[in-house]
Structures are given as C-alpha cells and as structure tokens.
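Only one chain comes next, encoded as structure tokens, the form predicted on its own.
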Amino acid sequence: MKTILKGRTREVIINSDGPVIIIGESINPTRRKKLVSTLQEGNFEYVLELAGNQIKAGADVLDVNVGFPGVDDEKLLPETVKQLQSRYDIPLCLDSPNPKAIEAALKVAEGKCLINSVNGEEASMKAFLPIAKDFGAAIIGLCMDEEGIIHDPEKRLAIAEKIINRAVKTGIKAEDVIVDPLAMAVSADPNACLVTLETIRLVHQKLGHNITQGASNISFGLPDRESLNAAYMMMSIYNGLTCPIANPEKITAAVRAADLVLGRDDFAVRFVEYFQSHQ
C-alpha cells in the first residue's frame, strides 16, 4: 500500500513494502527550552535550523509540533508551516491535539500533509476526519480509544480497523490512513515493546497499511537510549514499520542498514551514498 505526501513540489511515497521513510521528530517543544523561548519571541530561526539539520541527516518528512503551555497554536502552527515551506520543499506532518490549529495550518500549507494524529475515540474521529477529507490530508490513526491504552495487540488491531473504516466512510482513501500501534516505555512495562511489535506484525499482515510510531518513546528513562532505540527500530522494521517518527541524526544509519539487510537497497546504493555524504 502506498501513501503519498507532498511538499511544494517534492513528493514522498511511503510504501508498505519499503524502503523506510523517516519523519523527523525534532520540531517539538518537549525537552527543547530553546524552541519554546524562540517561538515565544516570534523568532523562527531555530525552527528552520532544526528542519535543515534533520533534512541533511535523512528526514523525508518533518513533524511540526509547536504546542506548549500558553501558546496560541491556532496562530503559531500555520505561521510555522509558512516559515518552513518558504525555506524547504518537504512534506509536513502537522502535530497538534487541537483540530482548529490543524485546520488553520492546512489552510496555508502547500502540498499534501499528514495529520498527527487521530485516535479511536468518537470525539477525535468526529473532530479530525472531516478536516482531513476537506483538505485532502493523510492521517495517523493511533491505536487507543475511550478505554485508554490497551495492552492487547488484537484489540489495538481492532481500533486501527475502526479508524480506517470510519475514515473511508468519511471520504478519505484507505491508503491515506497510517497506523500508529502505540509505542510505550519498556522501563515502565517489560512487555510494552512485545505488545507493540506484535501489533505492528498484525497490522502489516492483516491490513497492509503503512505504520508509524514515536520510535524513541520506548527508551524513556533508560541509559544509552540510542542503542536501545536502534535495536527496537530493527525489530519494528522487520515486522512492518514503514515511517517512524524519530530523530534522523541518530537513527538514519540504522534505518539504511535495515533496508539493505531486508533487500530493499539494490547493490547497497542508498547505504553507501548515506555514509559517503556524511563523511
């Protein structure tokens, strides 16, 4: 299954048969005090710096989250989108729990964006799906609903199916629903990664949809997060992950290696080109 996203002119194809597409996670105020302070000042240079560094490191799509306490994201998110698209031709993933902010951003965005995210709650689907349909955007469907976080892969699969079916009924193409199986910290639950990996496998085998996740969530609170994230990334890709939300400066090498090992990089061209460009 193929999900197509677009920047001003650039097109990115996320394919359930690979290679892996990286959605850069770094434009997010969480743990980035400098991003909060510069945005509060109306200064977008740091946002543009984060974007440029991620693109150089291998990001194919940029996640854009400007939410922090006291922010008017209905104003700030579209302004950030305009600033990014004035400098870079790359598809954007608009990340906000506020449907009005998402709608405002889509009104000014060029190309075809991805909305992060819709979940299985009735209120979430009712708020976001019509917006996605009206603007021709793709969506991320998060595998949780009114019951909260469910530690059962089959139930997470059922939530994914519910979101997909509702999206299609709303007028969104099935291929424009990317499933997020819900990655949780393994430090808090020893079985967290196993549940998510099995959910990835089920979605890939039974639904065939593209799959994303906040890949670094699993290592929260633990030492040597990069090694843990890389190990989990390999397992996730093997089971069907196609477009992780991650820091490309830390994960692109592992992703290129996974694509090569899985036969998605003929004659190691992309693998070699990546390392040559970063020497």
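All residue numbers are counted from 1 along the displayed sequence. Every value quoted in this text rests on a predicted model; they were computed, and no experiment measured them.
The discussion below concerns the form predicted in complex with a further copy of the same chain, not included here.
- By the criterion of a heavy atom within 4.5 Å, Tyr238 is counted among the residues contacting a further copy of the same chain in the predicted bound form.
- Interface residue remark: Asp224 is counted as part of the site for a further copy of the same chain in the predicted bound form, having a heavy atom within 4.5 Å.
- At a distance threshold of 4.5 angstroms between non-hydrogen atoms, Gly148 is out of contact with a further copy of the same chain in the predicted bound form.
- Shown alone here, Val186 lies within 4.5 Å of a further copy of the same chain in the predicted bound form, counting heavy atoms only.
- Stretch 214-222 is the contacting one of 53-61, 32-40, 241-249, 214-222, since its residues have non-hydrogen atoms within 4.5 Å of a further copy of the same chain in the predicted bound form.
- Residues Ser227, Leu228, Ala231, Tyr232, Met234, Met235, Tyr238, Asn239, Ala253 of 225-253 are found to place at least one heavy atom within 4.5 Å of a further copy of the same chain in the predicted bound form.
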